[in-house]
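One chain comes next, on its own, written as structure tokens: the form predicted alone.
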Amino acid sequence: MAQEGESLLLKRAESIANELLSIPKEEEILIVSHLDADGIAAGSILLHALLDSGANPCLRIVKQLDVGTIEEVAKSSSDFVVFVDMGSGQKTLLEKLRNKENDKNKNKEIFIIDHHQPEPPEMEFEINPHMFGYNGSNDISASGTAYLVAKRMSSTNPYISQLAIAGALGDLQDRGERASLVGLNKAIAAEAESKGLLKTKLGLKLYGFESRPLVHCLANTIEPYLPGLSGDEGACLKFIKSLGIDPVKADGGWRSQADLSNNELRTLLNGIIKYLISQGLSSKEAESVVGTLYIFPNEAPDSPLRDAREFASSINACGRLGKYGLGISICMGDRGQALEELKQTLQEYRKTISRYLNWIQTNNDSIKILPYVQAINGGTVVDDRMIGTIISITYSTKPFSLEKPIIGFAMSEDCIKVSARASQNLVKKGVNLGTLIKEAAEKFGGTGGGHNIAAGGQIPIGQEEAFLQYLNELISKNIGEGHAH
């Protein structure tokens, strides 16, 4: 099936590429994409390809595809709209666009490039891996799907394969052996590697482990979150010394990974794993700090863009903090002013995350643990753009358990934003968050959808409690009584 599925998927990519190329050059093409790493990377890939082909594109980054977004798009002067990293699960909303009595009394031509679970019907200019027998949660992300289309529009820009890899890692699609990419992502990575745009090797998945001082690596690592170390350089200094490793060179400078002997590296690795287990992580979770590193050799050794996971978390930080233009500039290749600004943004992002995590730890009433589901209610404290990041980080820390899905709530303009994550293990037991969140949200007059392993939605204000109880019931039916903890 995969072979046949692949050729059909590539055929679809080609027909969408041709359709986009046939749009008259003077017509503006509006690209609407999501604010996370995958969305910004995917939107930028398309922007690169359309600009290269001499088209007239304009990229807008949005929090979510909702009625408000649709109304803004309806008012725009563009007759051609490409929804990226969204759209497949919101077709009822999109129908409103096609039948809008807009100024010109003319329907907008809609394109969808997405990897979320699609709802019927299939649209004429829609490409989604799910339609071709692939799983959009781990085989390919929105940026990978956009890359398949873009590659057929412009072959002059090899760097877009790097954006596809960063987008996939940003969507946590490194689900293979030793945290490697699988499926179509793996093929894109192999292609980038053959062109000298990517190097892979096994190592510690710590922030800047390639080039930065050890103390900074540990303190700046947020994903995976190192309880008691992330965000605290003093604690990291003590920790490294406690392992019998001197963090300082003879000349007084800080030591980095390159300065360690193999013995010291082994000691550091075992020390981190033991420490994480002592913090309540399972040994499998703790060992996940070791994995496949994806390195972009064309980026400077000390740049936050050299490690593809850091690249992803860098553009994710831009999106989560509302600095969409900065994220796009980075993806479009600006390595001057934008890179300097990015370094500031990353510090701000880490501080924001630490502040939210401290708030959760000191506000037990924000945490709710039911038999089949657990939740954090960020209320008006946690920015709704950040709630997904926060639940991903806290999922493997106490008092939460990977045995049940985790839900995050945060106040949005006129609704409650819902974010949900499940573990790989729960998905194996049959949990599909995309359909569960969709059903529960719709029951309370909201909307939702996504992947089996991660999903999101919006519900009316004040319905959090009822939504959670209903979801708890749905999940208990879904995985049966045998798995309660």
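In this text, residue numbers run from 1 along the sequence as written. Since we're looking at a predicted model, the values are computed, not measured.
There is another form of this protein, the form predicted in complex with a small molecule, and it is not shown here; the text below is about that form.
- C217 falls outside the set of residues with a heavy atom inside 4.5 Å of the small molecule in the model of the complex.
- Of the heavy atoms in C236, none are within 4.5 Å of the small molecule in the model of the complex.
- Though the partner is left out of this view, D139 does not reach within 4.5 Å of the small molecule in the model of the complex, counting heavy atoms only.
- Mapping the unseen interface onto this chain, G170 counts among the residues with a heavy atom inside 4.5 Å of the small molecule in the model of the complex.
- Comment: the small molecule is not present in this chain, but in the model of the complex one of S392, T292, S256, S313 has a heavy atom within 4.5 Å of it, namely S392.
- For the candidate set V62, L47, A454, L436, a heavy atom within 4.5 Å of the small molecule in the model of the complex is found for exactly one residue, namely A454.
- The partner is not drawn, yet in the model of the complex one stretch among 340-348, 112-120, 259-267, 238-246 has residues with heavy atoms inside 4.5 Å of the small molecule: 112-120.
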